[in-house]
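The chain below stands alone and is given in structure tokens; this is the form predicted alone.
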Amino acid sequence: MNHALASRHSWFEASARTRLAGLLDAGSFREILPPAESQPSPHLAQLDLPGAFDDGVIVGGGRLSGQSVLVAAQEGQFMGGAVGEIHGAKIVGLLRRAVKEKPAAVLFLIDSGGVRLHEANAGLIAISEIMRAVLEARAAGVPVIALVGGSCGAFGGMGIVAKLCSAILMSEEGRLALSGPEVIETVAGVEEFDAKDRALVWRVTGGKHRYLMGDCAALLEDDIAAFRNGAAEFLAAWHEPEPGLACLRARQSVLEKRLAAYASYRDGLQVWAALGIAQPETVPMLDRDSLVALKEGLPT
């Protein structure tokens, strides 16, 4: 057996608690609202649906390479990591705590399909409150780093939340978008987007595509240790920029140019070719290091 592979622990396959245990310094994590103090969603109970004691998200504090951080980890194995009232309130409370305590960062382990439809308006309000709280933390000088590599990706409202964060670190297995593949297919038809075509889904929403497009700051291996090292290295070099209108206008200009250039495309292969990649069909087979080298060689 390959010992390097045997020692790896997949981020994609791990539970939220396993991810936290491997991400933070050993023994440093302290959970806020632990099992004995938490409560399941009352909305799910009214619908006779099973709840979870942590409502699908773990919040707390710990240390990353000796630095104090606050963390929120969504559990994709509970209702697809969907955000409900309690779930959202825990995340908002953590971000407001960050404004007061000024940790080195908030690490947001996103693994969610978006709003919990069972809770309707309560879930939508929760997403909006998370958005505001992320921006408030950043305005206070606390970087909010999104880590995306779970089985549910970052879709819907959580896709927007991820893009509001200071930076996104992804694995190839992670996915990031506004509407999920099944939603697009349901609304626009299979001719517009075939959700069963998994290769297409990853070419359009997966980590490699997001990295090539500049939507995530770093591409990591699907390994808990790689996420830990990547987050620590990124944070060590990060300085939260002062919020300002010029920065917003520059980002808006980038988005407008992207829409003009790629709006008619239906596949990542078309986008990669337009980016200047000579053999776009080889991108899915490239390992992380090869892809990073490829991006560095692209024309700016």
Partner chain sequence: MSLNDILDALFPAGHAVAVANQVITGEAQTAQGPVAVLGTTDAAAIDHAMALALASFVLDTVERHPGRPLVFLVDTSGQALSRGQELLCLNGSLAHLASCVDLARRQGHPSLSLVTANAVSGGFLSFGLMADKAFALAEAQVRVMDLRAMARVTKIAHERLVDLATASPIFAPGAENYLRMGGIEAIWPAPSAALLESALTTVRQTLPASDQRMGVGLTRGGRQLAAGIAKIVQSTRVGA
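Numbering follows the first chain given and starts at 1. Only a predicted model underlies this, so the values are computations on that prediction, with no experimental measurement involved.
From this point on, the text means the form predicted together with its partner chain, which you will not see here.
Colleague: Counting any heavy atom within 4.5 Å as contact, can you tell me which stretch out of 223 to 231, 104 to 112, 145 to 153, 188 to 196 lines its partner chain in the predicted complex?
Modeller: After filtering at 4.5 Å, what remains is 188 to 196.
Colleague: Indicate whether W238 is a 4.5 Å heavy atom neighbour of its partner chain in the predicted complex.
Modeller: Result no; W238 lies far from its partner chain in the predicted complex.
Colleague: I'd like to know whether G81 contacts its partner chain in the predicted complex, with contact meaning heavy atoms within 4.5 angstroms.
Modeller: So G81 does not count as contacting its partner chain.
Colleague: Is I184 close enough to touch its partner chain in the predicted complex, meaning at least one heavy atom pair within 4.5 Å?
Modeller: I184 belongs to the contact set for its partner chain.
Colleague: Although its partner chain is absent from this view, report whether L64 comes within 4.5 Å of it in the predicted complex, heavy atoms only.
Modeller: Although its partner chain is absent here, L64 would stay clear of it in the predicted complex, with no heavy atoms inside 4.5 Å.
Colleague: Each of A139, E256 and Y265 near its partner chain in the predicted complex, meaning some heavy atom within 4.5 Å?
Modeller: Yes, the whole candidate spot contacts its partner chain.
Colleague: For the heavy atom contacts within 4.5 Å of its partner chain in the predicted complex, list the residues of 135 to 165 involved, in sequence order.
Modeller: Result: L135, E136, A139, G157, G159, I160, K163, L164.
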